[in-house]
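Let's start with one chain on its own, the form predicted on its own, as structure tokens.
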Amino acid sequence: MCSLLRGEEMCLAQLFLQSGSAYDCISELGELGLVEFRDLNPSVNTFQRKHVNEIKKCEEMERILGYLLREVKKADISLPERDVNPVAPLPKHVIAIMEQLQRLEVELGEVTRNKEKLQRNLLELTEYTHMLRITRNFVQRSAEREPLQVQYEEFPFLEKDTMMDYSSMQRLGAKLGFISGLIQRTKIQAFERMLWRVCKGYTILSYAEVEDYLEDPDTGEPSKRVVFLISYWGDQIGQKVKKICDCYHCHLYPYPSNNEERNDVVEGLRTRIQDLHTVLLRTEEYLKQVLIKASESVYTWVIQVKKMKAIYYILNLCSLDVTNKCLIAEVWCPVNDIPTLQRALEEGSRKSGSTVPSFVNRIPTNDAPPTLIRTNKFTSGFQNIVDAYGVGNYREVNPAPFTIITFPFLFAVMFGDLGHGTIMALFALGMVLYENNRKLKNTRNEIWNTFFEGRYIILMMGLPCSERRCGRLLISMGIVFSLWIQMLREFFTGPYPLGIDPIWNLASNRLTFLNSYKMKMSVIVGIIHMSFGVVLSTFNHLHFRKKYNLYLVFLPELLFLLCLFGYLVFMIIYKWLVFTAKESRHAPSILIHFINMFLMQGDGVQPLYPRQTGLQLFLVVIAVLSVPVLLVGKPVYLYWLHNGSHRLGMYRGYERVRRNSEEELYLMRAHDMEEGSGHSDLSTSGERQKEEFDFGDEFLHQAIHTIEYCLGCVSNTASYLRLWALSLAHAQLSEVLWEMVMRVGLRMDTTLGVLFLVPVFCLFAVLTVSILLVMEGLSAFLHALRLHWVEFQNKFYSGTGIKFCPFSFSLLPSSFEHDGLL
């Protein structure tokens, strides 16, 4: 709980790694994920570092593995289970892995190219067969029409459509030529128009569509093709026709001159197609065997190459000592994990067989450490909500433990409904029960991944909604509470002393009463929530040893909030407790009294309690006086601290205590820095204090904070009215949906009413899930998120820190997973 509340204590350490064991030591650290490495060569170009060639080899192996994975996925071969987690290979084994991958790539490439070539040949032969079969019909139809033509026509082919008339062209002495082939169906009309415009009627085009779908050799997708036969007049026209065919990417095939040649070609094509089918089948079987063999080891190779590349990348961040026999690395590490880090270095040295062990040395630093907050699968979702606002500063109070409680509560206030909350809780419970299912975890659907990562948040949001309306539902059941009601009537003759009377559900002014009640409850919840955020700031002031903030920041903020808006809560509760139902119509207005409190008036208004005006005047004076204290108190104190206190020898006791050495003083200041002391608390001398402190900057920063806080108390209090607004919206939408959809089906008392009720219920269920659960749930979620980010967290949480990113193989991104290959 301490780690979740404030984060782990971090330290900067130096790792002294022997050259022979550095690879194995970093491999051990990558498996554990303990440390975050710093770059000790920031001025060195990436391509000028020591292990660039090794990284290039890893990238080449990644390229080959990507090719293998794409081929395996194309062949629809499943990869083995991903439970294996091999260690990073030794540098001497990298050459063997590289050779094996290259040999597999060459073999797979040759087989794939042969398969593609065979498929292209098979496609060409199939197209040629369709062309011969369809063009034979063209010639037969032309021969049947030949006896019907007049013997002495000068230009008979100009008076026909597109039907061929070869004999007429031959009588004119033309040198006929034929071009036949296939074209895509979408291009045939444009192709025909182009032939007519270019050749001016010296060609005759006949075409017919192929019944079967033929595969496109370029895209591999099936498409419709059209067989065409062009007869042209003269060689020049023939050249133009060929150029047009090339422009439209037509597949041209030779056209037989007579039927005997055509039959021989068809018979030869039939034999070649059968042989190609046999060869192609064996090629595919061999290719599948190669891919199955590759798929057995490809996942292991992917992990090994990823780890190896990460190790060399980390080695490039290290620096060599003057003897070139030792590598030095700087890491951020949790203090509690220092012994584990030392054992990992010893294990790496043992595996490499090094005689000189590697070791770790903790060093002091003034740099701000990164923030590490350990989470589990339950708290990680709530921590992500906080980190989305900003990563907390080092050792700053973390809002996540409190968000686990307050976030579902505020969501339930806005979304509270027994049925809807139960559906949401059951949906989340199903994801929780099957959270280890790989199909649910390893999906590329971003929306589903968002729901799955937040399954515990959804579960926690659904349960309070069910509990909140469950009590209201039970109260409305007279049978369950009849004994309780009878017992209350024996003791109380009037309305119930606590809670809301169920009879309000039948009242005509129910909505007016509930709106007033919910508005006041929203203000009460908001003031309590913001006051709790202000109180949490004390933990930061005490931890960072800034006790002056308790008197100059925390106390004025709390007084300003409670004297004004805390008093508003007091008046609401006082009016509820003092005035009965009979006296409520004569009770004074809280809003009028609150306005008169700022106007210093109240003589003409009925007081809420005796001596109210004096108390209100006192509270306003306290609130007004807290503003200048908050505005100038801290800057003036820091100015005095940095310019006058060192002369009295009172600066944190350093000058009053004798030091045996400068090293002891340096270590104590480093300890204070690790404990969180700011720049205004640490300094090496009075001169450095004067150089670092700027009264103008500090005053401007405090002025902005004061204005933001004072105005924010007003706007933030009003912002909590969204609890009332969304609660009202959800209740009214539910009621409207029930009245206009479901009750329409229930009112039908005929026989067809049962049949009509089924589609009505389906419509009601779809609208309930899409509008009331998804849209309203998302709206309530976003508003609860805003209340935590703006109204609650800004009272004590800055969120300007740096997240701790350890070097861990499990956290390294993979391009194969991003591309969907794994």
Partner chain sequence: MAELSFNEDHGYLEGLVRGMKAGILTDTDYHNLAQCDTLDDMKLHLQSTDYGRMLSTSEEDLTVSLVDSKLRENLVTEFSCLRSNALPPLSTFLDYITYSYMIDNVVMLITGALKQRDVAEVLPRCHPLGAFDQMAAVGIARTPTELYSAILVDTPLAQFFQEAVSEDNLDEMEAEILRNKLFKAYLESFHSFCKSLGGATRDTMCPVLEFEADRRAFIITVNSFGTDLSGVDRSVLYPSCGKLYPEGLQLLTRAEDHEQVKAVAECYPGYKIIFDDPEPESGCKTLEDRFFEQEVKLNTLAFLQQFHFGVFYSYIKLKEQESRNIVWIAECVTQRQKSKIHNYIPIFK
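Given the structure is predicted, the values throughout are model-derived calculations rather than measurements. So that the term is clear: the rigid core is the largest set of C-alpha atoms that superpose within 1.5 Å between two forms. Residue numbers count along the first chain shown, from 1.
What comes next is about the form predicted together with the partner chain, which is not displayed.
Taking the partner from elsewhere, Val741 is found to have every heavy atom lying beyond 4.5 Å of the partner chain in the predicted bound form. Contact between Lys74 and the partner chain in the predicted bound form is not found at the 4.5 Å heavy atom cutoff. Mapping the unseen interface onto this chain, Leu40 falls outside it, with no heavy atom inside 4.5 Å of the partner chain in the predicted bound form. Looking at Lys56, you'd find a heavy atom of it within 4.5 angstroms of the partner chain in the predicted bound form.
Relative to the partner chain in the predicted bound form, residues Phe570, Lys575 and Phe804 are all farther than 4.5 Å at every heavy atom. Contact with the partner chain in the predicted bound form, defined as a heavy atom within 4.5 Å, holds for exactly one of Cys247, Leu90, Leu433, Met600, namely Cys247. In terms of contact with the partner chain in the predicted bound form, the residue from Arg374, Lys240, Lys518, Arg272 that brings a heavy atom within 4.5 Å is Lys240. Partner proximity in the predicted bound form, defined as non-hydrogen atoms within 4.5 angstroms of the partner chain, places exactly one of 623-631, 548-556, 223-231, 193-201 at the interface: 193-201. Contacts to the partner chain in the predicted bound form (heavy atom within 4.5 Å) from stretch 38-63: Asn45, Thr46, Phe47, Gln48, Val52, Lys56, Glu59, Glu62, Arg63. Ile183: CA moves 2 Å or more between this form and the one not shown after rigid-core fitting. Once the rigid core is used as the reference frame, the Cα position of Tyr248 differs between this form and the one not shown by 2 Å or more. Here Leu108 counts as shifted, since its C-alpha moves by at least 2 Å between this form and the one not shown after the core is aligned.
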